[in-house]
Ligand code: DGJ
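Next up: a single chain in structure tokens, the form predicted on its own.
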């Protein structure tokens, strides 16, 4: 019996050792495995800290070009150290019901989850496109759960604030835009110019504003915000959420109009808000952008490309696109830049680029590291 117990203890120890395989972040590796040894499948994701555990929500991809559609749903992983992630299954499942907007084969991207302290609900928001319509619908969807890992119950998908004008597009300007829009069509102005003057906002006023690449931000006072690429991806919209986080309020603003930002990722340091985003080049990588503001509603000041490195690195953001900025628990002013290295021909192979975010002269800065660990925030040096 003693030998049997010893064997069991030894096998348990070996299993635990095998699971705890990661002691650092290795962006140079294309494959980041979970505790079962499988490639983590949580693309375009976001992280929620709940208690002492981090939860990583992301798009569950499948093999082949069809993998860019949502065939399974939103996956979730858990970790207490940020290096090793346990697969907790599918948090939000796509539906076989063909009458549902959330049916298998539609598009679900960039899921983010925040916790509502008053209701005790975990609230998920995501970019949603209807099956067979490409990126025409430009909806934002919501789902909730009583447990952080789900299952999440789908609620609805909508356009932003139909019939409500942005707070920073005054009525006198809207009247002028009614004329400008016709002139713009006649003169064939480009998308950027149309975005700058607010023509797309006026066009979509009645049906509601578009929402594509998006993120959520929960502020120190518990107020939550939805930040999304809108107006044919020409302008970002920042909306305050309702107190229960389930709907958008009428308080929303146009941010960086006509600047063509996608993939917004937000963090807060010393009372100021910072954003890292990308340009518009489809699945292909491009130079990152950064900006700062004293209010999420703006005005935002451009800080330039945060990447420091070779020409190729700065032009492609290390061949990746931003998805989230993660504050590290218990370490003030420690933030991790999360990005995706997309593989559109076989989406399941997409890689994850996590890098420490530094500050130089008041600006966020990103540098490549083949390997690094959380000790870098305490003065350690990564490779």
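All of these numbers come straight from a predicted model, not from anything done at the bench. Numbering follows the first chain given and starts at 1.
One more form of this protein, predicted together with the named molecule, exists but is not displayed; see below.
Interface residue remark: residue 135 is counted as part of the site for the named molecule in the model of the complex, having a heavy atom within 4.5 Å. Put simply, residue 213 is close to the named molecule in the model of the complex: some heavy atom of it is within 4.5 Å. Shown alone here, residue 321 lies within 4.5 Å of the named molecule in the model of the complex, counting heavy atoms only. Although the partner is absent from this view, residue 55 stays clear of the named molecule in the model of the complex, with no non-hydrogen atom inside 4.5 angstroms.
Only one segment in the set 161-169, 293-301, 242-250, 102-110 has residues whose heavy atoms sit within 4.5 Å of the named molecule in the model of the complex; it is 102-110.
Here is the short version: of 190, 271, 282, 120, the single residue with a heavy atom within 4.5 Å of the named molecule in the model of the complex is 282.
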